[in-house]
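Only one chain comes next, encoded as structure tokens, the form predicted alone.
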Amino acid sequence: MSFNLRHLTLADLAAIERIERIAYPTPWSRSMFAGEIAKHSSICLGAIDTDAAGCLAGYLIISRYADAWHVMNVAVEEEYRRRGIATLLLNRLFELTSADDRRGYTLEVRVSNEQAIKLYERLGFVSRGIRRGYYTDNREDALIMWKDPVRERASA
């Protein structure tokens, strides 16, 4: 199986919504995705299965803020999970933003999502705190994770 990575477009919204509804208990709305895709300060990437007639296998949504790139949403179609697609998307993000050497990356992840936490740790994210009751569906806490490319280069 091979995948091409490309920027998402509004034509991808139906496929994004389908994946989102399965991946998350409180999915984003179509308008939230459309807004991020349209923003110049966002990077929205999709992994396309080249063997399945261009099927969207997963996506990543990230927004640029003053001091960080904020990973807003990462999801992979159920049948494609555990095949490295999220890693592929995040590594492509790091390539695209590599010239921005003073800006780090941040995200929130459910404290119960051990698989995602392990993925982020493998990619260099570290835990920096907790947002209590962050998730609206069940008031679960979120782990705040950061990846600091400046510190990584200094220690390399």
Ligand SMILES: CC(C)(COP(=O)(O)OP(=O)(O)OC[C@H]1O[C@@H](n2cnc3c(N)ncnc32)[C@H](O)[C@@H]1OP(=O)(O)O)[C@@H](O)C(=O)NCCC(=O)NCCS
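In case it trips you up, residue 1 is the first one in the sequence shown, and so on. Please read these numbers as outputs of a predicted model, since none were measured by experiment.
Absent from the display: the form predicted together with the ligand. The rest refers to it.
Annotation: in the predicted bound form, residues I62, D67 and R92 none come within 4.5 Å of the ligand through any heavy atom. In the predicted bound form, T87 approaches the ligand with a heavy atom inside 4.5 Å. Shown alone here, F125 lies farther than 4.5 Å from the ligand in the predicted bound form, counting heavy atoms only.
Put simply, Y120 is close to the ligand in the predicted bound form: some heavy atom of it is within 4.5 Å.
For A116, a non-hydrogen atom is located within 4.5 Å of the ligand in the predicted bound form, even though that partner is not displayed.
In plain terms, the part of the chain that comes close to the ligand in the predicted bound form, with a heavy atom within 4.5 Å, is 103 to 111 out of 48 to 56, 125 to 133, 31 to 39, 103 to 111. Scanning 68 to 97 for heavy atoms within 4.5 Å of the ligand in the predicted bound form gives V74, A75, V76, R81, R82, R83, G84, I85, A86, T87 in sequence order.
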